Structures are given as C-alpha cells and as structure tokens.
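Coming up is one lone chain in structure tokens, specifically the form predicted on its own.
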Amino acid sequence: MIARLLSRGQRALRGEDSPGTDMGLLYAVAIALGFGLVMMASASFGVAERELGQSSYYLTHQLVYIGVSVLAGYLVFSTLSLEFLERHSGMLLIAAFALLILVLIPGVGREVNGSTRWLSLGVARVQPSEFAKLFTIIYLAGYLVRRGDEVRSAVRGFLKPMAVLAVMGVLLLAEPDFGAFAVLMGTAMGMMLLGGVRLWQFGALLVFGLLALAVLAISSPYRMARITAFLNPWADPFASGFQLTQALIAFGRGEWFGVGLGGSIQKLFYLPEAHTDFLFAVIAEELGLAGSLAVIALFTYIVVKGFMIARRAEAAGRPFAAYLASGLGLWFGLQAYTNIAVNMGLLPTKGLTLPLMSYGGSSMLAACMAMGLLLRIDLESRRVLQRHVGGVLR
C-alpha cells in the first residue's frame, strides 16, 4: 500500500527519466509498520478483552491510525514543497506553541494517568507534543539557514533558539511530558551542533541543561519516584518498581530466540502499557535477543538513511533540506533508542512510544509525516543533483 501510494505521487512529481524514491527507506518503514502491527496486536489482545470486552479493539484502531498516517505521509511527500516549509517555519513554531498552550487550558486538555497531554477531537484524541516536536525541528532547520553565520560566530545566535525551546520546555513539563522535553532538547542541541555552533558554547549549555534536568527531577516527587525505581526496581517490586521489574522479567524469559509469537506471559496483565510504551519488552520475550537485535538494526538503518539523505541534500546545495533531514533522523533515533533503553532498565520511565510500532494515533501520524518529509527531501535532492551532473543517481 505504501509503495503504491508513493509510486503514484512520484509519477506526479517527475518525468520518466527522473531519479526514483529511496526504496530502501520505504521498505524499512513498511517493515516497521507491519511488524509493529503484529507485535502490538499480540501485546494488546488480552488487555483489550479484559478492559473492553473486545480483543481486537486496539488492533482495529491501530489499523485505522496506520491508514490515516500513511495517507498523511503520502500527502506530505507528494504535495508539500520544502520551499513552502522553509517560508512558513515560523508559523509552524507558533502552531506548536498554540497546541501546547491549548492542552493546558482547564476543560480543554484531557488528563490520562495523571498527565494532561491530550486534546479531544470527539472521535479521537490528539497528543500535541508529537506535532510540536515535528514543527520545532522544521523551525530550527529554517533558523539555521537564516541565522547560520550568527550561530557560528556569536553567542546570541545560539541562545535565541535555546530560549524559545526553554519556553516550550516549560509548557511540556507542565503537562508533564518529561520524555518529549528530553527528546526535543536533545534533537535541538544536535541540530545546533551540526549547524556549526562553537564547541565551548555547546558544552556549557549541555552542562547547564543536565544540571537543570537534575534539579527538575529532584524537585518533583513524581519524577523522583521514577528515578528511584529505575536505580533499584527490586527494592519495591510490587509498587514503584513494578513496571520495570516486569519488563526485565520479560527480557529474561525471552533468552536467545524467545518463547514464540503470542507466547508472552508478561503481557497478560503483569506488564502495564505492554502495547504502548513497553512493546519492546514483549518483542524481547516473544522473539528473544535475536528479535530485539533485529528491531534495533531496523531503527538504526532508518536513522542512517536519514543522515545519508541529509548528506545528499547538502551536496545538492540545499541547506534547509540537509538540516531538516538531520533533525528528523536525530528525533527518530533519540525517541526509538530512548524507548528501548527504558524497556531495558537503562533509563528512567519516560512515557515515550516506539516509533512506527507502538499503539497510538498521534505518534504514528507524526512519524509517518516525518518519513514522508525524508522521502520528499531525498527526491528533490536527487532531482537537483541529476540536473547538475546530467545523469541518474543510483
């Protein structure tokens, strides 16, 4: 379905002798979506039957989310020009702020599990932070093009976007959504580093950022409890450490090749959020170390493809596209690897989904839009390079 849609969009964008879509990235995304759907269904049947009386509830909804998200990714790929995004990057930043403010208005935002992160649209709930991350990355790519010399030569060029992100961080922490804040700041700082910021400035801000995160963690009983449980989950395995200990048990049961697809015990009411934040633990239990490494390799391939597309855009003389592709690759990698690390007990629980795999409409939609943007960047860069060299890139 994905390949067919993109093929149609590609024919509309190019002539018969134009370069083609990066099929490696396209197939990797398709594999992630298909494999994720199978594993999400396996992880959710039991909880859906118990809580909703309909075992296929989450599977049905996820199929709808994937269909809508693939269509959105196709539309981004086939209709949104990079010039349009660069020209309106400031408006997208304003939209990101508006969404994050809207969710904090009493009576507008919806609270789930103690966090106010969702807006209700009647038929579905939307998590604004997912789109705020995407819009902010687009804005930063535009800023690095407009203010690149200032970023590389003056402190103020570095501090201006960081001040904007600090305000956004306050809004995210007010929800609270510590995971989205950490991923967004990590992505932004990575983009600034790639934009040529002086290393001493980057290092100073990194130290300041780590100290600020430490203060935030210590000052909040909610976050402090998560850190304590992360450091020693076995100290209280039936309360604060319950989720992490159950995830670690899942990894232990999986051994080399897993207990078999559908054979997980931990997903049967032991491991909370098994079909969302802790899907990777179910993968590890059912498919073992081999399946876990395959998933990590798949995400690594997608991230590497993102940076290869960024390098191609830079070679084509398209700095906005290069920064944007780098930012999307950083975001995708940080979120995927952070989720995996949380599942393995290497980081405190953050409430981040596994991109393209975990249950959830907002994260799926944002991820597919990001992949559509990467494919668009690649296609436009190939077309520019083809005109320059007079041949088809392979």
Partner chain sequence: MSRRAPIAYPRRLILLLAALGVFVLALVWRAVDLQVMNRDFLQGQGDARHLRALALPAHRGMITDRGGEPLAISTPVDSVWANPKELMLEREGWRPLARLLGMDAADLRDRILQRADREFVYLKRRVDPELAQRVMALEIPGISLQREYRRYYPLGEVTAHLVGVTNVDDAGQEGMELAYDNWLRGTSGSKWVLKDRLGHVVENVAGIKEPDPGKDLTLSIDNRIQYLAYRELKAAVQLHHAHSGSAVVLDVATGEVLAMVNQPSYNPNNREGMRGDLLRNRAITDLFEPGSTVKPFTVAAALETGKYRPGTYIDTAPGYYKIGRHLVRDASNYGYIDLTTVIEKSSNVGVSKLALAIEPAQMWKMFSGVGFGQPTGGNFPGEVTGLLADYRGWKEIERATLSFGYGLSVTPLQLCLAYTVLGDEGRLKPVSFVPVEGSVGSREIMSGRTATEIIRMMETVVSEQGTANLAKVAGYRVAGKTGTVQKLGADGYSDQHYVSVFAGLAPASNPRLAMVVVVNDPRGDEYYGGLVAAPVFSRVMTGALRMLGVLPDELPRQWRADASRAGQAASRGKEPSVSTVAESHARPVLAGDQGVM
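Residue numbers count along the first chain shown, from 1. Every value quoted in this text rests on a predicted model; they were computed, and no experiment measured them.
One more form of this protein should be noted, the form predicted together with its partner chain, which is absent from this view; the next part is about it.
message: Is Ala341 part of the interface with its partner chain in the predicted complex - any heavy atom within 4.5 Å?
response: Output for Ala341 is yes: heavy atoms within 4.5 Å of its partner chain.
query: Should Arg146 be classed as touching its partner chain in the predicted complex when contacts are defined as heavy atoms within 4.5 Å?
result: No - in the predicted complex, heavy atoms of Arg146 and its partner chain never come within 4.5 Å of each other.
message: Within 4.5 Å, heavy atoms only: does Gly157 come near its partner chain in the predicted complex?
response: Although its partner chain is absent here, Gly157 would stay clear of it in the predicted complex, with no heavy atoms inside 4.5 Å.
- prompt: Does Ser120 make contact with its partner chain in the predicted complex, using a 4.5 Å heavy atom cut-off?
  reply: The answer is no: Ser120 has no heavy atom within 4.5 Å of its partner chain.
field: One stretch from 166-174, 133-141, 99-107, 308-316 that, in the predicted complex, holds residues within 4.5 Å of its partner chain by heavy atom
entry: Of the options given, it is 308-316.
Contacting member of Tyr57, Tyr65, Tyr337, Phe35, with respect to its partner chain in the predicted complex [4.5 Å, heavy atom]: Result of the distance check: Tyr337.
Option touching its partner chain, based on a heavy atom within 4.5 Å in the predicted complex, out of Gly90, Gly196, Gly203, Gly260: Contact check passes for Gly196.
- request: At a 4.5 angstroms cut-off on non-hydrogen atoms, which residues of 246-285 are near its partner chain in the predicted complex? List them in order.
  value: Contacts from 246-285: Gln246, Leu248, Ile249, Phe251, Gly252, Arg253, Gly254, Glu255, Trp256, Ile265, Gln266, Leu268, Phe269, Tyr270, Ala284.
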